[in-house]
Ligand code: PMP
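Just the one chain here, laid out as structure tokens, in the form predicted alone.
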């Protein structure tokens, strides 16, 4: 009765909902392949866990913008890894990059530009804050990624509007990423129209060939880089995210600090102390991330080949742990099963095979497009890392040794479609 209008149409986060549904079906005795929820399968690095143990008794409220030594570590990390000229004063720490993104939208006087497909929570956050989220179609791109021509065409149509553009790469949900030339072209358009860019690089360290490049190199004055512990450090449940700003956007970091002081107050103290070790990116972390990339690249290649081999179309995986298969090749057969939308496709697939995917409609695609996000993370991350330590790499023939459930899921999809 007293619910705000912009909240009434919201649904729970699709990624969290599929995780809870999968767990519930498992409790009921069903065999479920958890390819819907994008959680890192790897354990938190030992050096970071040990640091958490050392600081477990830290109980004081920390500064709103974050522990200073952590802000120094994050700034130095970006200076080394993404070549930003960052200082501690340019960093804010939050309980997950998701929370920081929400507060940034709350503070920004403008609307949200989002390439479609994109992560499920960008647009709902805009709706909560009372802003418009405007999708830019990327169907003309083989990689389903935003290109400079499409961005400029959109900005030309709205010359007087202020926009926050979100770029996420490697992409959730496609696994594709941008080349340096593509980022330069996007940066030129962003500068021309004075866009505020939030560069969501939470999967940057998981670029499979280790060559992630940030748009902050080409548009430093207008780019905020988002990162955190959840993906490359395996610590999603620890809830720690970071935003790193150019110096000329201090007004925004200060405004976010004010909002943070009245909402989450401060991020967990023990987690912040432990995160210093992660962002210092010492030899142990370097090795951990490099071995994680080898695992993900091998499983991604296997899954991509298995599914494209039966006619599914999707961008080739370059980083992170997602694929975005399009089932259009099977539209006629699926229609005979009563399936005409991506939502129906994923529901029926889960019911009949136990394979959990997320429909493309949750990522900004039309429901009639028979696309889905597949997260190839249903495997034991520790065992996979141990395998790489022992053998140095994972050949396609050995993927079943480290990710048998992913292999089974691919086979289940192929059998179901046939």
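This structure is a prediction, so every number in the text was calculated from the model and none was measured. Positions refer to the first chain, counted from 1.
From this point on, the text means the form predicted in complex with this ligand, which you will not see here.
Residue heavy atoms within 4.5 Å of this ligand in the predicted complex occur in exactly one stretch of 136 to 144, 231 to 239, 254 to 262, 328 to 336, and that stretch is 231 to 239. Not one of 82, 187 and 224 is positioned with any heavy atom within 4.5 Å of this ligand in the predicted complex. A residue is said to contact a partner when one of its heavy atoms sits within 4.5 Å of a partner heavy atom; residue 98 meets this definition for this ligand in the predicted complex.
In the predicted complex, no heavy atom of residue 288 sits within 4.5 Å of this ligand. At the 4.5 Å threshold, heavy atoms of residue 205 stay clear of this ligand in the predicted complex, well away from it. By the criterion of a heavy atom within 4.5 Å, residue 200 is counted among the residues contacting this ligand in the predicted complex. Only one of 245, 302, 119, 324 comes within 4.5 Å of this ligand in the predicted complex through a heavy atom, and that residue is 119. Comment: this ligand is not present in this chain, but in the predicted complex one of 177, 172, 105, 267 has a heavy atom within 4.5 Å of it, namely 172.
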